[in-house]
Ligand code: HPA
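In structure tokens, the next block holds one chain alone, the form predicted alone.
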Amino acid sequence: MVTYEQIVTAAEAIRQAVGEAEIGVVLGSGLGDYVEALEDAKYIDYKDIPGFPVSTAPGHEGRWWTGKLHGKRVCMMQGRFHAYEGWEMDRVVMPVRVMKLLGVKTLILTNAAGGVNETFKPGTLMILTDCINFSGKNPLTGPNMDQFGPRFPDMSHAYAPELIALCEEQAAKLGVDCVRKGVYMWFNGPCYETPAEIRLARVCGADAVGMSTVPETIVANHCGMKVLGVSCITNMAAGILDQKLDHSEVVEVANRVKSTFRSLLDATIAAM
């Protein structure tokens, strides 16, 4: 079990190496090179952070970057952790708690997701309005860390309405016509969902499915952070199209739209 003391130790190692931040960004598949936008940037490898897990997912570099972006101190995680990699939930969300200790007040979560809403298409950017935890897991299970938040945190606005509106506004200003809003449903993975599970997701009100983001959302809310989530719909979910799902498609679409995705994130951070 990750202790408060271990989180403090990890935060101090990052503080000494790269400094604090007010905005945190978790970079999902295809967005790793967004760290290039940081000015006066420094990084520390995850392996050099005491007690930190090391990402094993393809395309996740495993570095914590901090620098300036539009006059704000921003830290970026170049790679995240997933429950399907075998990490315990408290280890998956450890970085969010570390961010809290480093001064982060706003957390931006990005990911690659499968489209359930049939009006979407690969390349759609979905601003998360809400989420569904279908994994059977919760990162707050176990003794409550009172240093971060209450035993029973409110999740009425898991994603901050003002940040949703701000991101929408910036998309309109940029003329980005691929942006939609929707609900994200978390499945544990690593296998893709079955067609039956996708039909269930649609009945439950999900617009997209994926294998991350919700644990970080829960803990960020527990910590009192404001959260913005944006998914890149890299493929239509199982059973919608008559084809098998392949991770290479996820990578190809994520790379194709990363410039637009970066522009949207950049404009949103600038307007914060």
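Source: prediction; values computed, not measured. Residue positions are given as counts along the sequence shown, with the first one as 1.
Not on display, but discussed next: the form predicted in complex with the named molecule.
Only one segment in the set 154-162, 67-75, 138-146, 192-200 has residues whose heavy atoms sit within 4.5 Å of the named molecule in the predicted bound form; it is 192-200. Mapping the unseen interface onto this chain, residue 235 counts among the residues with a heavy atom inside 4.5 Å of the named molecule in the predicted bound form. Residue contact with the named molecule in the predicted bound form: residue 114 places a heavy atom within 4.5 Å of it.
Proximity of residue 250 to the named molecule in the predicted bound form: non-hydrogen atoms within 4.5 Å are present. By the criterion of a heavy atom within 4.5 Å, residue 210 is counted among the residues contacting the named molecule in the predicted bound form.
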